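Presented below, as structure tokens, is a lone chain in the form predicted on its own.
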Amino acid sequence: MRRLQARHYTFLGLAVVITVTMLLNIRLDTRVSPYTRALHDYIESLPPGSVLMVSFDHEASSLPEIRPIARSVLRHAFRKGHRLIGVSLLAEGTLIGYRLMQETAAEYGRQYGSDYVYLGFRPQYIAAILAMGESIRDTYPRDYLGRPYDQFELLRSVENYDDVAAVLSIADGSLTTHWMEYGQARYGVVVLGAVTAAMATTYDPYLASAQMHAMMAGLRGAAEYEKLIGIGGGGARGMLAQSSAHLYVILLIVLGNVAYFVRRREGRRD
């Protein structure tokens, strides 16, 4: 059996720190950023029954970060009584989006067809965005499950973006920019963003120019949103694990530097 090396103890220590922290269920006081509050306030200000289009523009690899982000916003929308139309600009996000909407709707007793409908994926995302600006019915003649568009009570009153209060793009890349460049610029649709932390700075210029109305970003954004709606979830737990890991790494850096200077001093004495 190979002997454990320093890196093995390092990772073992990280596992212990995160496990103990999660078991203690420490609550972090998260300060809500203006961008996250703006997203919350916009959805909060809409009258019950408003139609929101939720676009799952992400890949499966980002699910650990995307899931808490999406669940927090979906919970808020369903709790407020809004009606949701789900789509996807990436094939990978299609099934993930459907399951997230289905699971969250079940928490609030929302019914498929009247409270939410999932239309799914259409190839060529730019063409799909432009086509929905003219007619969502023509772009998606059937829903994700293959049933006719006009079969659903929710969709009978929705023709294009004029009947949608906003588009919420849940993304791990740059696809949200297409909603602004083609949906917002051409059809005037309100674009909201819920993106991974790595993409947050990409959208700062769009927020500054008001092309994007509001945005939440990363696990921190999810934790902030959960605080605003008063519902705990994966964002707060993820931030707790992340914060404890960061403190552990900082401690290792400090100990490593202390050990280095101690050995250096002992070497000079010798």
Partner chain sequence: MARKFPLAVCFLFGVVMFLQYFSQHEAARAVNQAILDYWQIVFAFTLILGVFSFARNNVTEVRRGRDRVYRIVGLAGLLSMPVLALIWGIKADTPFMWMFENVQAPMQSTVFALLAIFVASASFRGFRARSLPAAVLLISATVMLLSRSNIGGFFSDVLPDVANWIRDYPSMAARRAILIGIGLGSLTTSLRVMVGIERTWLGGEK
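Residue numbers count along the first chain shown, from 1. These numbers were taken from a predicted model, which means no experiment stands behind them.
The same protein also has a form predicted together with its partner chain, omitted here; what follows describes it.
Visitor: Note which of Ile96, Leu154, Ala105, Val164 lies within 4.5 Å of its partner chain in the predicted complex, where distance is taken over heavy atoms; exactly one does.
Guide: By the 4.5 Å heavy-atom cutoff, the listed residue in contact is Ile96.
Visitor: Heavy atoms within 4.5 Å of its partner chain in the predicted complex: does Arg186 have any?
Guide: Yes.
Visitor: Can you tell me if Val262 lies within 4.5 angstroms of its partner chain in the predicted complex, counting non-hydrogen atoms only?
Guide: Output for Val262 is no: heavy atoms all beyond 4.5 Å of its partner chain.
Visitor: In the predicted complex, does Ala217 have a heavy atom within 4.5 Å of its partner chain?
Guide: The answer is yes: Ala217 has a heavy atom within 4.5 Å of its partner chain.
Visitor: Answer with yes or no whether Thr201 is in contact with its partner chain in the predicted complex, where contact means some heavy atom within 4.5 Å.
Guide: Contact check for Thr201: yes, within 4.5 Å of its partner chain in the predicted complex.
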